[in-house]
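For reference, the chain that follows is the form predicted alone, supplied as structure tokens.
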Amino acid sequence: MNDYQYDNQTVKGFVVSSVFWGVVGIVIGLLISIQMWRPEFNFAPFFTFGRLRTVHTNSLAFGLGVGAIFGLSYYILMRLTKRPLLFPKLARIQLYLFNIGIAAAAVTLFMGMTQSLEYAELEWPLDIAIVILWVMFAVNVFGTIIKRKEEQMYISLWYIIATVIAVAVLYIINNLSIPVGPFKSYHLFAGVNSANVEWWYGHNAVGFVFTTPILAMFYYFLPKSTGIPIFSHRLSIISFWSLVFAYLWTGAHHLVYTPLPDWIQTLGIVFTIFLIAPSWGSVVNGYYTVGSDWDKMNTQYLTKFFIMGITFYGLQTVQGPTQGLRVVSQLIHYTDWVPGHVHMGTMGWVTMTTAASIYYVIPKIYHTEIYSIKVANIHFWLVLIGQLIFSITMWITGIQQGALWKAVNDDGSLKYSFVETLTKNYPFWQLRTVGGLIFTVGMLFFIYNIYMTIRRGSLAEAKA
């Protein structure tokens, strides 16, 4: 099967696009971290924290995350089905529309056009465009799987299928709205119902954008890069079905101590605790796969990306359920603990696994070797250190915030004013910026390495 049949051009297009939007999102994230302790860095009206924060989350979740998911899922899909994409031209059109859509999303968010729903800020015309893009993706995924030449369906395909179905259901239902103009709409649901539907979507957007497709990458690229078969395909299947069953019930743990009925909150908490088991099924599978030859951590540079990535996934899936418990939530809810938790997942699990997958794919597509293993190792240590500084300072800040907010005098009045609690955060916010800067430098090493690898491959191809 030749390269044209594998449609590596579309894969390359999505990968390069995702890296570009990742740079945009990371740089904006660094700026808004500075805005937290240097208010004068808020440049009204387009570059204030309120607008930049939504551009940051959307460019990373949809630009970097979904872009990489499209490209790497197509790469995995073609090789596990042993056939080219069923509709390669449709995939190419999808690539162009994807970049137009992300650019339009960034512009409208800079202009303050938003539905005011977490991870679903885009207004209704862009919602329709995203649904069209996802339908294109779904058609190619299911069509290629149905026409596959390999009867056995490896676990990565199951995770890709779950991603396609779940994101479609979640996105369409949560973005049901009533348009009142070309760039304004109101959520179809109201009050508590709106909050419940939003966080059913919000938490599961994390589950089926930042979990299932990343697990598909992990299960495919870890064995491929190490040359060691996955420890247990049966365990991966059990973990898959348990994860998919439980995840969809967990969103209400975001609404503990709200007007949402207690029984719905409790249901969300119970399923969240249950999620620890299937999540750690994949963690154990990864550890035992490499456990047969731990020397790979030294001799195969991608192994440490994947193993540290799955480690942060495991830590996150213990921390998340724990903070869903009422006794913990009463201290850390609405504090910086929460972004600390989220960024351990996105900067640790998602970014490390996705970067390692791109490191594997680009040299294969260009028929060359990675430009520099040394640069890749520098990238690894910088993002690891940066992420740890970022996350740990946010956990400390969150605990401090919760304690200060709850502190009362003997007469029951609040012990600290809002300004007093705010100023105590500054040293930790400054450390968070330092961690973000280190992480950003690490990602610049990654981009340089990928660029030089592409350049080397292109030059060799031109000479041939």
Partner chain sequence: MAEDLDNIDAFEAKETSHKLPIGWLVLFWGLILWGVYYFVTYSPAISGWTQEKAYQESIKK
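All values derive from a computational prediction rather than experimental measurement. Numbering follows the first chain given and starts at 1.
Omitted here: the form predicted in complex with the partner chain. The next part is about that form.
- Here is the short version: of H341, H333, K364, H187, the single residue with a heavy atom within 4.5 Å of the partner chain in the predicted bound form is K364.
- This chain is drawn without the partner chain; in the predicted bound form, the residue among Y247, F390, F137, Y219 with a heavy atom within 4.5 Å of it is Y219.
- The partner chain in the predicted bound form comes within 4.5 Å of no heavy atom belonging to G112.
- Remark: S239 counts among the residues lining the partner chain in the predicted bound form, judged by a heavy atom distance of 4.5 Å or less.
- With a 4.5 Å cutoff on heavy atoms, P223 counts as touching the partner chain in the predicted bound form.
- By the criterion of a heavy atom within 4.5 Å, N377 is excluded from the residues contacting the partner chain in the predicted bound form.
- The stretch from 381-389, 204-212, 268-276, 87-95 that comes within 4.5 Å of the partner chain in the predicted bound form, counting heavy atoms only, is 268-276.
- For the three residues E369, Q400 and R456, a heavy atom within 4.5 Å of the partner chain turns up in the predicted bound form in no case.
- Of all the residues from 43-62, none has a non-hydrogen atom no more than 4.5 Å from the partner chain in the predicted bound form.
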